[in-house]
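Take a look at this single chain, the form predicted alone, given in structure tokens.
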């Protein structure tokens, strides 16, 4: 899928240009609790409640090995055309998407 790859690369470059390292900072604790709930309920409805896959790909540490938070945040915000992965941009800010990506990359939330 060359078009998807081009979109992902373009989005990744955009996130870098915006200094994405600071995106996840400053999210209130109450909002992070909402994001964690959303991740489990909404993302889990496709990716599995244990993130081991379902309609969507697995989001386990092994499955995400080598992934980086900026790219995952872009996929969360923009979705993946031609798949069931929707764009979450209407509901999430860039910092919130990056928080979710960073959360997924941490293995301590896994069983």
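Numbering follows the first chain given and starts at 1. Every value quoted in this text rests on a predicted model; they were computed, and no experiment measured them.
Only in words, not in the display: the form predicted together with heme C, which the text now covers.
Engineer: So in the model of the complex, is heme C close enough to residue 86 to count as touching (4.5 Å, heavy atoms)?
Structural biologist: Because a heavy atom of residue 86 falls inside 4.5 Å of heme C in the model of the complex, the answer is yes.
Engineer: In the model of the complex, is there a heavy atom of heme C that lies within 4.5 Å of any heavy atom of residue 49, even though the partner is absent here?
Structural biologist: So residue 49 does not count as contacting heme C.
Engineer: Give a yes/no on whether residue 57 approaches heme C to within 4.5 Å in the model of the complex, heavy atoms considered.
Structural biologist: Heavy-atom contact with heme C at 4.5 Å: present for residue 57.
Engineer: Would residue 39 sit within 4.5 Å of heme C in the model of the complex, counting heavy atoms only?
Structural biologist: Because a heavy atom of residue 39 falls inside 4.5 Å of heme C in the model of the complex, the answer is yes.
Engineer: Output the sequence-ordered list of residues from 52-80 with at least one heavy atom within 4.5 Å of heme C in the model of the complex.
Structural biologist: Those in contact are 55, 56, 57, 59, 64, 72, 75, 76, 80.
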